[in-house]
Ligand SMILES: Cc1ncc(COP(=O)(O)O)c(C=O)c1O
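Single chain ahead, by itself, as structure tokens, in the form predicted on its own.
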Amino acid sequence: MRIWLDGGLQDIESARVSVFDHGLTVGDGIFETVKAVDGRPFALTRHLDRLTRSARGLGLPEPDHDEVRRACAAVIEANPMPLGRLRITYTGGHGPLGSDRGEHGPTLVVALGETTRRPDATAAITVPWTRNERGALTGLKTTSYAENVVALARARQHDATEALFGNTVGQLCEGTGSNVFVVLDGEIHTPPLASGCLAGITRALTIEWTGAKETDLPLDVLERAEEVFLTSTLRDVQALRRVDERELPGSAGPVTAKAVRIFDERSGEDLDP
């Protein structure tokens, strides 16, 4: 396995990042997860645009898109696989043991891991913790993921693969690594970005391709929605068969099934939409 680290390919066994890297010591970093299909990344332009937005929001130097593209291409070529999770990590770099940044410049790591297609349906739980829709990191895809780690661990304890958050005003927000959509009276709705959710790439494409509406939704909408589904880079569009103790259709309902078909067709036609 070979990864890209600060300018070139390195063997994973010998690649080293400083123990003083700000991404490690204080979580001062951002990342993107990109789906790689048969050696080609999906929606890479959109992911790089979001990487830049996250960098601006965190006050990091803007990443060089050409360099990141070269890194992605090199890593994919060095590690052939049918379906991969391409991870772009960009941190504040070597810094002091505190919140102030150093002057060494950012660290760029690109790695690829093999994955498999997700099941057609899964289960999720809601958690008692909230997303802060007014926080300094709201809308940024940062490496500060400990809250998600805790929530996802709880989901696993309940035989689920995702945990869903409300925000501080009781509205439905997002999952630990996914966006959530509900079907009400046959129409698809998803929380707006103002709810505090991440501007997911798959979320945006699903809205564009299905006509889903961005709507403020109370958290208890999950108790009455006809169908619920998740979107993310590696899930694409995935139906929920259970939310907490509520059983939903065992496989995708008709509206979700149509969204799945549309996404599969459109994403297959254009790998960089």
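None of these values were measured; they are calculated from a predicted model. One-based numbering along the sequence shown.
We do not show the form predicted in complex with the ligand, though everything after this point is about it.
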*Decide if the three candidate residues Lys141, Glu174 and Asn179 all line the ligand in the model of the complex, where lining means a heavy atom within 4.5 Å.*
yes
*Taking the partner as it appears in the model of the complex, which of 207-215, 232-240, 22-30, 57-65 has residues with heavy atoms within 4.5 Å of the ligand?*
232-240
*Among the candidate residues Gly166, Pro191, Gly200, Gly92, which is the single one with a non-hydrogen atom no more than 4.5 Å from the ligand in the model of the complex?*
Gly200
*Does the ligand get within 4.5 angstroms of any non-hydrogen atom of Arg131 in the model of the complex?*
yes
*Should Arg50 be classed as touching the ligand in the model of the complex when contacts are defined as heavy atoms within 4.5 Å?*
yes
